[in-house]
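Following this are structure 1 and structure 2, which are two forms of one protein chain, each written alone as C-alpha coordinates.
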Structure 1
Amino acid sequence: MSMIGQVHVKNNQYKIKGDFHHFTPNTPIRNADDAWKLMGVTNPRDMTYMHSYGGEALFFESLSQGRLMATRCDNPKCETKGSIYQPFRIHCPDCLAKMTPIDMTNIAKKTAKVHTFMVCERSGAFNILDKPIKFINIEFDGVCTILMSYLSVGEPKMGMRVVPIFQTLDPTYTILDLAWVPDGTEADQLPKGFSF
(Lines of atoms letter the chains of each structure in order from A and count residues from 1; the text may use other names and numbers.)
(Lines give C-alpha, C1' and ligand atoms only; values in the text may rest on other atoms or scores of the structure.)
Protein backbone atom coordinates (compact mmCIF):
# COMPACT_ATOMS: atom_id res chain seq x y z
CA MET A 1 0.00 0.00 0.00
CA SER A 2 1.37 3.40 -0.95
CA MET A 3 1.76 6.30 1.47
CA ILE A 4 -0.50 9.35 1.12
CA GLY A 5 1.44 12.37 -0.10
CA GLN A 6 3.21 14.46 2.53
CA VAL A 7 5.30 17.62 2.27
CA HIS A 8 7.83 19.42 4.46
CA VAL A 9 10.26 22.25 3.76
CA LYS A 10 14.03 21.97 4.13
CA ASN A 11 16.60 24.48 2.86
CA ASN A 12 13.69 26.62 1.66
CA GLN A 13 12.50 23.88 -0.75
CA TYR A 14 9.49 21.58 -0.72
CA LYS A 15 10.41 17.97 0.01
CA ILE A 16 7.68 15.69 -1.32
CA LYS A 17 7.17 12.10 -0.15
CA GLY A 18 4.48 9.56 -1.02
CA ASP A 19 1.76 9.32 -3.65
CA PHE A 20 -0.27 12.40 -4.58
CA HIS A 21 -2.52 10.77 -7.18
CA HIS A 22 -4.52 7.61 -6.64
CA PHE A 23 -6.31 6.02 -9.58
CA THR A 24 -9.35 3.81 -9.13
CA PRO A 25 -10.60 1.65 -12.00
CA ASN A 26 -13.52 3.00 -14.01
CA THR A 27 -16.87 1.32 -13.44
CA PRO A 28 -19.68 1.16 -15.98
CA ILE A 29 -22.86 3.22 -15.72
CA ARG A 30 -25.73 1.07 -16.97
CA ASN A 31 -29.39 1.78 -17.69
CA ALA A 32 -31.55 -0.54 -15.57
CA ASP A 33 -34.61 0.35 -17.71
CA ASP A 34 -32.98 -0.71 -21.01
CA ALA A 35 -31.42 -4.17 -20.54
CA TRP A 36 -28.50 -2.72 -18.59
CA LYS A 37 -27.26 -0.89 -21.68
CA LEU A 38 -23.95 0.89 -21.18
CA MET A 39 -24.47 4.65 -20.68
CA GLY A 40 -20.98 5.75 -19.58
CA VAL A 41 -18.34 5.19 -16.91
CA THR A 42 -17.40 6.64 -13.57
CA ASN A 43 -13.93 8.08 -13.54
CA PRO A 44 -12.93 8.36 -9.85
CA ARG A 45 -9.69 10.10 -9.02
CA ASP A 46 -8.16 11.08 -5.70
CA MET A 47 -5.65 13.93 -5.57
CA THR A 48 -3.69 15.53 -2.76
CA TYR A 49 -3.20 19.28 -3.10
CA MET A 50 -0.44 21.39 -1.58
CA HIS A 51 -1.48 24.85 -0.34
CA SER A 52 1.20 27.32 0.72
CA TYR A 53 0.19 29.88 3.37
CA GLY A 54 3.28 32.05 3.02
CA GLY A 55 3.04 35.02 5.37
CA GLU A 56 -0.39 33.94 6.59
CA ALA A 57 0.94 30.74 8.21
CA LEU A 58 1.13 32.56 11.57
CA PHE A 59 -2.65 33.18 11.44
CA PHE A 60 -3.52 29.49 10.94
CA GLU A 61 -0.90 28.20 13.40
CA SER A 62 -2.24 30.60 16.04
CA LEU A 63 -5.83 29.37 15.59
CA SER A 64 -4.62 25.88 16.52
CA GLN A 65 -3.24 27.42 19.73
CA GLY A 66 -6.43 29.29 20.67
CA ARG A 67 -5.31 32.73 19.47
CA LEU A 68 -6.82 35.07 16.88
CA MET A 69 -4.16 37.08 15.07
CA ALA A 70 -4.77 40.28 13.10
CA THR A 71 -2.44 42.80 11.47
CA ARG A 72 -1.85 46.51 12.03
CA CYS A 73 -0.23 49.13 9.83
CA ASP A 74 2.63 50.76 11.75
CA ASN A 75 4.05 52.80 8.85
CA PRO A 76 4.42 56.39 10.18
CA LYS A 77 3.93 57.74 6.64
CA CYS A 78 0.62 55.91 6.11
CA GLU A 79 -2.65 57.90 6.20
CA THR A 80 -4.28 55.00 8.04
CA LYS A 81 -1.41 54.23 10.47
CA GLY A 82 -2.64 52.15 13.40
CA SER A 83 -5.49 50.52 11.46
CA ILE A 84 -6.13 46.93 12.51
CA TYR A 85 -7.27 44.42 9.89
CA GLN A 86 -9.12 41.15 10.41
CA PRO A 87 -8.88 38.93 8.39
CA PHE A 88 -5.10 38.85 8.58
CA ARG A 89 -3.31 40.78 5.82
CA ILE A 90 0.34 40.79 4.85
CA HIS A 91 0.51 44.32 3.40
CA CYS A 92 -1.41 47.51 4.16
CA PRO A 93 -4.04 48.15 1.46
CA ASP A 94 -3.31 51.90 1.62
CA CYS A 95 0.50 52.22 1.71
CA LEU A 96 1.55 48.63 0.84
CA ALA A 97 3.97 48.47 3.79
CA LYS A 98 4.37 45.13 5.54
CA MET A 99 1.86 44.89 8.37
CA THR A 100 2.64 44.07 12.03
CA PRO A 101 0.95 40.90 13.37
CA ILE A 102 -0.94 41.44 16.63
CA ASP A 103 -2.83 39.08 18.92
CA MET A 104 -6.43 40.30 19.03
CA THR A 105 -7.90 37.36 20.96
CA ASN A 106 -8.87 39.55 23.93
CA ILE A 107 -10.39 42.22 21.66
CA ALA A 108 -12.52 39.49 20.07
CA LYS A 109 -13.55 38.01 23.42
CA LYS A 110 -14.60 41.42 24.77
CA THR A 111 -16.09 43.23 21.75
CA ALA A 112 -17.10 40.82 18.94
CA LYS A 113 -20.68 41.12 17.76
CA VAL A 114 -22.71 39.95 14.79
CA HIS A 115 -22.81 42.62 12.09
CA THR A 116 -24.93 40.57 9.67
CA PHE A 117 -25.72 36.88 9.18
CA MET A 118 -27.00 34.38 6.64
CA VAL A 119 -28.35 30.87 7.23
CA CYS A 120 -27.41 28.39 4.49
CA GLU A 121 -29.61 25.29 4.25
CA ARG A 122 -27.57 23.67 1.43
CA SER A 123 -23.92 23.89 0.58
CA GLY A 124 -21.49 22.93 -2.14
CA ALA A 125 -19.37 19.84 -2.56
CA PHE A 126 -16.84 18.94 0.13
CA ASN A 127 -18.54 21.01 2.83
CA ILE A 128 -17.91 19.46 6.25
CA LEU A 129 -19.95 21.89 8.40
CA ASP A 130 -23.29 20.75 9.80
CA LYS A 131 -26.28 22.26 8.04
CA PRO A 132 -27.87 24.66 8.37
CA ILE A 133 -24.67 26.72 8.39
CA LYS A 134 -25.09 29.97 10.28
CA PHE A 135 -22.63 32.29 8.56
CA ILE A 136 -21.93 35.47 10.52
CA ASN A 137 -20.05 38.65 9.74
CA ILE A 138 -18.32 39.82 12.90
CA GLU A 139 -17.30 43.35 13.84
CA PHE A 140 -14.81 44.27 16.56
CA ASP A 141 -14.15 47.53 18.41
CA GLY A 142 -11.09 49.26 16.97
CA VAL A 143 -10.86 47.00 13.90
CA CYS A 144 -11.61 48.56 10.52
CA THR A 145 -12.69 45.36 8.74
CA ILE A 146 -15.28 42.64 9.29
CA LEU A 147 -14.55 38.90 9.53
CA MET A 148 -16.81 36.23 8.04
CA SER A 149 -17.08 32.98 10.00
CA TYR A 150 -19.84 30.78 11.40
CA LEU A 151 -21.87 30.44 14.58
CA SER A 152 -21.57 26.87 15.88
CA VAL A 153 -24.08 27.12 18.77
CA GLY A 154 -27.39 28.99 18.96
CA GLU A 155 -29.22 31.25 16.55
CA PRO A 156 -27.64 34.42 15.12
CA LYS A 157 -29.12 37.86 15.73
CA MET A 158 -27.94 41.26 14.54
CA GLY A 159 -25.81 42.92 17.22
CA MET A 160 -25.52 39.73 19.27
CA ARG A 161 -22.31 39.48 21.33
CA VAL A 162 -20.24 36.45 20.35
CA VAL A 163 -16.94 34.97 21.49
CA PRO A 164 -14.40 32.95 19.52
CA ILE A 165 -13.83 29.24 20.03
CA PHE A 166 -10.88 27.31 18.65
CA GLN A 167 -10.33 23.75 17.43
CA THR A 168 -7.20 22.99 19.44
CA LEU A 169 -7.73 19.27 20.10
CA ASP A 170 -7.37 18.12 16.48
CA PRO A 171 -6.72 21.26 14.39
CA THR A 172 -7.12 21.32 10.62
CA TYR A 173 -4.84 24.37 10.24
CA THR A 174 -7.60 26.02 8.19
CA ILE A 175 -10.19 28.72 8.92
CA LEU A 176 -12.45 25.93 10.24
CA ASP A 177 -10.35 25.93 13.43
CA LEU A 178 -12.20 29.15 14.32
CA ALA A 179 -15.91 29.38 15.13
CA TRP A 180 -18.13 31.58 17.31
CA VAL A 181 -20.71 31.08 20.03
CA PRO A 182 -23.04 33.51 21.82
CA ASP A 183 -21.43 35.26 24.79
CA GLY A 184 -22.31 33.28 27.92
CA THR A 185 -22.18 29.86 26.26
CA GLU A 186 -20.93 27.18 28.67
CA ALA A 187 -17.84 25.07 27.85
CA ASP A 188 -19.92 21.85 27.86
CA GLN A 189 -22.05 23.24 24.98
CA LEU A 190 -19.10 23.61 22.60
CA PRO A 191 -18.61 21.27 19.64
CA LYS A 192 -16.16 18.39 20.17
CA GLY A 193 -12.54 19.51 20.07
CA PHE A 194 -13.31 23.22 20.53
CA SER A 195 -12.40 25.37 23.51
CA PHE A 196 -12.47 29.05 24.44
Structure 2
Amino acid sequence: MSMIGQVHVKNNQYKIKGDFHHFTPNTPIRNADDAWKLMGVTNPRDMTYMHSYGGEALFFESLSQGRLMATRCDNPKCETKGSIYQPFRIHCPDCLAKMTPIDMTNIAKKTAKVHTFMVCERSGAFNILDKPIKFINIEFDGVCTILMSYLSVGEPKMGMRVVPIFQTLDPTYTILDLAWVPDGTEADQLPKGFSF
Protein backbone atom coordinates (compact mmCIF):
# COMPACT_ATOMS: atom_id res chain seq x y z
CA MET A 1 0.00 0.00 0.00
CA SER A 2 1.58 3.25 -1.05
CA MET A 3 1.49 6.37 1.12
CA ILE A 4 1.26 9.95 -0.16
CA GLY A 5 4.58 11.74 0.30
CA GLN A 6 4.64 13.85 3.46
CA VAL A 7 7.29 16.25 4.78
CA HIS A 8 8.17 18.07 7.96
CA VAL A 9 11.19 20.13 8.96
CA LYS A 10 13.45 19.11 11.87
CA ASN A 11 16.78 20.75 12.66
CA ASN A 12 16.33 22.87 9.53
CA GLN A 13 16.27 19.76 7.35
CA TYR A 14 13.41 18.25 5.35
CA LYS A 15 12.28 14.90 6.76
CA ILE A 16 10.31 12.91 4.20
CA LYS A 17 7.95 9.96 4.57
CA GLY A 18 5.96 8.01 1.96
CA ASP A 19 6.14 7.86 -1.82
CA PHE A 20 7.42 10.89 -3.71
CA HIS A 21 7.24 9.35 -7.13
CA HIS A 22 5.25 6.63 -8.81
CA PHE A 23 6.64 4.46 -11.57
CA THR A 24 4.61 3.97 -14.76
CA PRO A 25 6.19 2.13 -17.70
CA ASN A 26 6.96 3.75 -21.06
CA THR A 27 4.82 2.77 -24.04
CA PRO A 28 5.73 3.01 -27.74
CA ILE A 29 4.19 5.64 -30.08
CA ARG A 30 3.58 4.06 -33.49
CA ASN A 31 2.46 5.43 -36.86
CA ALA A 32 -0.99 4.16 -37.83
CA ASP A 33 -0.47 5.52 -41.36
CA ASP A 34 2.82 3.75 -41.99
CA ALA A 35 2.78 0.09 -40.97
CA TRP A 36 2.82 0.96 -37.26
CA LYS A 37 6.47 1.92 -37.41
CA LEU A 38 8.00 3.27 -34.20
CA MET A 39 7.94 7.08 -33.92
CA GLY A 40 8.57 7.73 -30.24
CA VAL A 41 7.77 6.72 -26.68
CA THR A 42 5.66 8.03 -23.79
CA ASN A 43 7.51 9.25 -20.69
CA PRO A 44 5.12 9.05 -17.72
CA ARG A 45 6.20 10.74 -14.53
CA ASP A 46 4.51 11.57 -11.23
CA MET A 47 6.58 13.49 -8.72
CA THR A 48 6.01 15.44 -5.51
CA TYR A 49 7.94 18.65 -4.86
CA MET A 50 8.84 20.16 -1.48
CA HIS A 51 8.23 23.90 -1.68
CA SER A 52 9.13 26.52 0.93
CA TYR A 53 6.84 29.52 1.43
CA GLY A 54 9.73 31.23 3.20
CA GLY A 55 8.74 34.64 4.52
CA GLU A 56 5.26 34.33 3.01
CA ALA A 57 4.37 31.31 5.20
CA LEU A 58 2.61 33.64 7.65
CA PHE A 59 0.21 34.73 4.90
CA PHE A 60 -0.80 31.19 3.97
CA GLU A 61 -1.05 30.01 7.59
CA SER A 62 -3.25 33.03 8.36
CA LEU A 63 -5.72 32.19 5.59
CA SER A 64 -6.45 28.89 7.31
CA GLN A 65 -7.20 30.91 10.47
CA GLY A 66 -9.55 33.33 8.74
CA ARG A 67 -7.16 36.28 8.48
CA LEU A 68 -5.92 38.21 5.45
CA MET A 69 -2.39 39.46 6.04
CA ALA A 70 -0.64 42.19 4.04
CA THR A 71 2.66 44.01 4.48
CA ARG A 72 3.57 47.66 4.92
CA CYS A 73 6.88 49.43 4.38
CA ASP A 74 7.82 51.21 7.60
CA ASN A 75 11.33 52.23 6.57
CA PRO A 76 11.52 55.96 7.42
CA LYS A 77 14.07 56.49 4.64
CA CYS A 78 11.91 54.92 1.93
CA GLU A 79 10.27 57.26 -0.60
CA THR A 80 7.15 55.12 -0.59
CA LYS A 81 7.03 54.57 3.20
CA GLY A 82 3.58 53.60 4.44
CA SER A 83 2.59 51.75 1.24
CA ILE A 84 0.56 48.63 1.93
CA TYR A 85 1.00 45.61 -0.34
CA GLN A 86 -1.50 42.89 -1.16
CA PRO A 87 -0.23 40.42 -2.46
CA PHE A 88 1.74 40.07 0.77
CA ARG A 89 5.29 40.96 -0.18
CA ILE A 90 8.23 40.25 2.11
CA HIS A 91 10.49 43.12 1.07
CA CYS A 92 9.63 46.64 -0.13
CA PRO A 93 10.03 46.83 -3.94
CA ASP A 94 11.65 50.28 -3.59
CA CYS A 95 14.02 50.19 -0.60
CA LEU A 96 14.17 46.37 -0.18
CA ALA A 97 13.69 46.69 3.59
CA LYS A 98 11.82 43.86 5.26
CA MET A 99 8.23 45.03 5.63
CA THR A 100 5.84 44.82 8.57
CA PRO A 101 3.05 42.22 8.35
CA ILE A 102 -0.37 43.71 9.10
CA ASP A 103 -3.79 42.12 9.45
CA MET A 104 -6.00 43.71 6.77
CA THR A 105 -9.01 41.44 7.17
CA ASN A 106 -11.21 44.32 8.30
CA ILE A 107 -9.98 46.63 5.52
CA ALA A 108 -10.92 43.88 3.06
CA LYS A 109 -14.33 43.33 4.65
CA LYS A 110 -15.12 47.04 4.54
CA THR A 111 -13.55 48.26 1.27
CA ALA A 112 -12.86 45.40 -1.17
CA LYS A 113 -14.32 45.86 -4.62
CA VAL A 114 -13.85 44.24 -7.99
CA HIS A 115 -11.40 46.13 -10.21
CA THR A 116 -11.80 43.72 -13.12
CA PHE A 117 -12.84 40.14 -13.62
CA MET A 118 -12.97 37.28 -16.07
CA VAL A 119 -15.27 34.30 -16.37
CA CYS A 120 -13.08 31.54 -17.75
CA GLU A 121 -14.66 28.49 -19.32
CA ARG A 122 -11.47 26.46 -19.53
CA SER A 123 -8.77 25.27 -17.18
CA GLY A 124 -5.46 23.49 -17.25
CA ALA A 125 -4.68 20.02 -15.95
CA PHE A 126 -4.76 19.66 -12.14
CA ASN A 127 -7.34 22.44 -11.73
CA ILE A 128 -9.60 21.86 -8.72
CA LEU A 129 -11.84 24.94 -8.99
CA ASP A 130 -15.37 24.59 -10.36
CA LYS A 131 -15.80 25.87 -13.92
CA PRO A 132 -16.45 28.42 -15.14
CA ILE A 133 -13.82 30.04 -12.94
CA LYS A 134 -14.74 33.61 -11.98
CA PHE A 135 -11.39 35.37 -11.69
CA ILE A 136 -11.60 38.70 -9.90
CA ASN A 137 -9.00 41.34 -9.18
CA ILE A 138 -9.73 43.21 -6.00
CA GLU A 139 -8.83 46.75 -5.00
CA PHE A 140 -8.83 47.97 -1.40
CA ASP A 141 -8.79 51.43 0.14
CA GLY A 142 -5.25 52.40 1.13
CA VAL A 143 -3.57 49.47 -0.64
CA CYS A 144 -1.36 50.26 -3.64
CA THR A 145 -1.78 46.94 -5.46
CA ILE A 146 -4.68 44.83 -6.74
CA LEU A 147 -5.04 41.21 -5.58
CA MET A 148 -6.03 38.39 -7.93
CA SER A 149 -8.41 35.76 -6.55
CA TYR A 150 -11.77 34.18 -7.42
CA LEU A 151 -15.45 34.74 -6.72
CA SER A 152 -17.13 31.62 -5.39
CA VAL A 153 -20.74 32.84 -5.21
CA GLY A 154 -22.68 34.97 -7.71
CA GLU A 155 -21.63 36.77 -10.86
CA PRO A 156 -18.79 39.34 -10.90
CA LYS A 157 -19.18 42.96 -12.01
CA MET A 158 -16.66 45.77 -12.01
CA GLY A 159 -17.03 47.93 -8.93
CA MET A 160 -19.10 45.39 -6.94
CA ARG A 161 -18.38 45.14 -3.23
CA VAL A 162 -17.04 41.77 -2.16
CA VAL A 163 -15.92 40.25 1.14
CA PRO A 164 -13.29 37.58 1.79
CA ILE A 165 -14.08 34.05 2.87
CA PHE A 166 -11.56 31.53 4.18
CA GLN A 167 -11.29 27.77 4.01
CA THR A 168 -10.77 27.17 7.72
CA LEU A 169 -12.11 23.60 7.60
CA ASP A 170 -9.67 21.21 5.87
CA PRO A 171 -7.52 24.03 4.48
CA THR A 172 -5.25 23.40 1.50
CA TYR A 173 -2.65 25.91 2.77
CA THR A 174 -2.60 27.42 -0.71
CA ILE A 175 -4.04 30.61 -2.21
CA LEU A 176 -7.22 28.60 -2.84
CA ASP A 177 -8.03 28.94 0.88
CA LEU A 178 -9.01 32.53 0.05
CA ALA A 179 -12.12 33.28 -2.00
CA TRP A 180 -14.62 36.13 -2.24
CA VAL A 181 -18.37 36.52 -2.25
CA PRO A 182 -20.64 39.51 -2.92
CA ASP A 183 -21.18 41.73 0.13
CA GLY A 184 -24.40 40.59 1.82
CA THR A 185 -23.96 36.90 1.04
CA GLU A 186 -25.37 34.70 3.82
CA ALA A 187 -23.21 32.16 5.67
CA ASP A 188 -25.31 29.25 4.44
CA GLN A 189 -24.50 30.16 0.83
CA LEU A 190 -20.77 29.65 1.29
CA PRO A 191 -18.96 26.67 -0.23
CA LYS A 192 -18.20 23.72 2.06
CA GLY A 193 -15.33 24.38 4.46
CA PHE A 194 -15.41 28.19 4.01
CA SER A 195 -16.40 30.80 6.58
CA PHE A 196 -16.28 34.60 6.85
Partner chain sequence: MITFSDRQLSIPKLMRPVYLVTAGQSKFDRAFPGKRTEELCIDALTQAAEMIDMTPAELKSYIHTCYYGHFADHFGDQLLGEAVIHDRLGLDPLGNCGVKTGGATGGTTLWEGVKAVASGYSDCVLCMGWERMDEVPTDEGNFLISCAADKDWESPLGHIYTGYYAVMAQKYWKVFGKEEDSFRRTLAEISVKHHGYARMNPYAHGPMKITVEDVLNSPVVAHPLRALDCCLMSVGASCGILCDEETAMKLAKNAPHKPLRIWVTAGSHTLRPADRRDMEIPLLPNETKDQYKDLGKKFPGGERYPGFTGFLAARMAAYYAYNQVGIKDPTEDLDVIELHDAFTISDVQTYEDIGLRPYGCGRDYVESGDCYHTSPKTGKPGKLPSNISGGLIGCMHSVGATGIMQVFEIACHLWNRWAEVHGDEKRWKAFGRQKPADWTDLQVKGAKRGLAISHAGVGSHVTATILMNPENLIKKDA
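Note that this is a predicted model, so its numbers are computed, not measured. Residue 1 is the first residue of structure 1, and the numbers go on in sequence order from there. Between two forms, the rigid core is defined as the largest C-alpha subset superposing within 1.5 Å.
Source of structure 2: the form predicted together with the partner chain.
Core-superposed comparison between the two structures: the C-alpha position of residue 28 differs by no less than 2 Å.
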